[in-house]
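In structure tokens, one chain follows: the form predicted on its own.
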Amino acid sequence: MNRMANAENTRKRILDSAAAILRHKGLAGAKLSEIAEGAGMLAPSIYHHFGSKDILVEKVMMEGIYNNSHHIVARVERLGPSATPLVRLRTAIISHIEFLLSGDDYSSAVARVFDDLPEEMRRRVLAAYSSFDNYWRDLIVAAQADGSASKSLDATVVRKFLIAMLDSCSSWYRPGKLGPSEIAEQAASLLLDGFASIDSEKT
């Protein structure tokens, strides 16, 4: 393995370790010594690859956003142009939850520590997320435009509540009666079909 490939491999080990620890312990609990141990190296060696803990954390955030957005967009666009807006939105919801619950440390780390990031870093991460945020907005607006979703609800409010709810699943999910796919389907039904049944309105 040449020097450049070896350096990339080392960076990947550091990032993987950092993502796992951020996911499970949060920003305050993520110690460089533990990240280094997970990467099979000593803590000072991390600085040869990342200038600071903040730089390392931000790189994990960016990777998480890219991984998640790439997965969801690919799943939705694979449906083709004939798919209805509601089907596209439902696919995005299911894909997002399945991905978060698949064990991807990077995306789960984003959901876990985003609110604790330093203000400047949070702004940069938000800027990187903006195109994906817009993708969700377009899915919602398209469903409203064709009449399959309520136009009385503000698309921004819907998007913010939707993403916040979806992102929370990695913090409470534990393997049990329902697996990721079942939870994803139920979340989509809850969000798109509602909780109260028609029969309940008659009581």
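Residue indices: 1-based, along the sequence shown. Keep in mind the model is a prediction, meaning the values are calculated, not measured.
The protein also exists as the form predicted together with another copy of the chain; that form is not presented, and the subsequent description refers to it.
Exercise for review: Using a 4.5 Å heavy atom cut-off, indicate which stretch of 64-72, 147-155, 33-41, 51-59 touches another copy of the chain in the predicted bound form.
Suggested key: After filtering at 4.5 Å, what remains is 147-155.
Review point. Would R88 count as a contact of another copy of the chain in the predicted bound form, using a 4.5 angstroms cut-off between non-hydrogen atoms?
Key: R88: no, not in contact with another copy of the chain in the predicted bound form.
**Study point:** another copy of the chain contact in the predicted bound form: D116, any heavy atom under 4.5 Å
**Key:** Contact check for D116: yes, within 4.5 Å of another copy of the chain in the predicted bound form.
Point to revise | Contact of T10 with another copy of the chain in the predicted bound form (heavy atom, 4.5 Å) | key: No, T10 stays farther than 4.5 Å from another copy of the chain in the predicted bound form.
Review point. Given that the partner is absent here, does I183 sit within 4.5 Å of another copy of the chain in the predicted bound form, heavy atoms only?
Key: Yes - in the predicted bound form, heavy atoms of I183 and another copy of the chain come within 4.5 Å of each other.
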